[in-house]
Structures are given as C-alpha cells and as structure tokens.
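First, one chain by itself in structure tokens, the form predicted on its own.
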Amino acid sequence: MLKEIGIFEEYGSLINALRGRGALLITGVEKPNPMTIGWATLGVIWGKPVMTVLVRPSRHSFFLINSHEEFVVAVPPADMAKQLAFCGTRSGRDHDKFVECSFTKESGVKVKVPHIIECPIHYECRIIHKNNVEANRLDPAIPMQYYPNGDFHTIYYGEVLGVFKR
C-alpha cells in the first residue's frame, strides 16, 4: 500500500541510488517507458519542491516527456541491477521495458504516468520549466566525453507533487 511521505524524507535513498546503480525516470502514459538515470537533483526553486532530470533529444523518453509534461522518478531496490542495466541500454522505441523487465504498472496518484510496483519510492512531478544545455555556456572543465555527438541534454524542472513509499 502506498503512503505519501515528506518531499525530503527519502532524500538519502534517492541520492544513494543516483550515485550507485541509478534510478528510473518513467515517462509516457499510453506506452510508458522507464529509463535509467544517474543525474537528477532535488531541492527548492521558486518556493516549490523541484526535481530536475536531464534527457537527451535522441532518447525515446525525450518524445514522451514532452508529450505529457509529467514524469515519475522511481527509486529501485538493490536487487534490480539487471533491470536497471536493461532500461539504461535499450530504447523504448524497440522494447516494451515494462514487459521485458517484468515490471508491474500501478497508476500514479497525482500524475497520469504510472509507477513500478517493484520500486519502493516514487517522486511524481509536473514540468514547470525546461531549458537546453548549451555547449558555449558549459564550464570548460566539464568533460565533453558526455557529449561526443553533440547530443546535449534538456533539463526538466518538475514540481514534486507528491512522494510515495511502499
């Protein structure tokens, strides 16, 4: 059973996942797609709790997140390494990751994007701003190895509408 918790109550779990095995960014409604992420922030901007996530234009999730203006960040359990690897190396254009990873969908509480029942923590977000990473504005100390093909991320700022724990 899901319980709504405080925005920062499981901050440590989120950061540990991002620094380690990763978290899952879920986008899309009709055919939702989980994508493994290792970059995200959680804080307060404009007086609101905000989660920022980065998505490259070449990713299937880019189309989905722009189509629905909502996303969910799910913190996976430690035993989900195989599914995280799959979701980080396969495209939702070619694979139904929910089916192939045996994920169970559960309706979102405050957004239309679903949860993954197997993940214990979900951050539901509504996009309130986005902007593009621009090469000419990046600190020169940031390695361009992150952008070998010039596929610069879009940064999505999502107001955290609720955090849910199983």
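Here the structure is a predicted model, which means the values were calculated and not measured. The numbering used is simple: start at 1 and walk along the sequence shown.
Omitted here: the form predicted in complex with a small molecule. The next part is about that form.
Discussion item. In the predicted bound form, is there a heavy atom of the small molecule that lies within 4.5 Å of any heavy atom of residue 37, even though the partner is absent here?
Written reply: Residue 37: contacts the small molecule in the predicted bound form.
Worksheet item: residue 68 near the small molecule in the predicted bound form, any heavy atom under 4.5 Å?
Response: Outside the cut-off, so no.
Discussion item. With the partner left out here, check for me: in the predicted bound form, does some heavy atom of residue 88 sit within 4.5 Å of the small molecule?
Written reply: Contact with the small molecule, yes.
Item to complete: Using the partner position in the predicted bound form, report whether residue 76 sits within 4.5 Å of the small molecule, counting heavy atoms only.
Response: Flag for residue 76 set to no.
Discussion item. Counting any heavy atom within 4.5 Å as contact, can you tell me which stretch out of 41-49, 130-138, 54-62, 107-115 lines the small molecule in the predicted bound form?
Written reply: Heavy atoms within 4.5 Å of the small molecule in the predicted bound form occur in 54-62.
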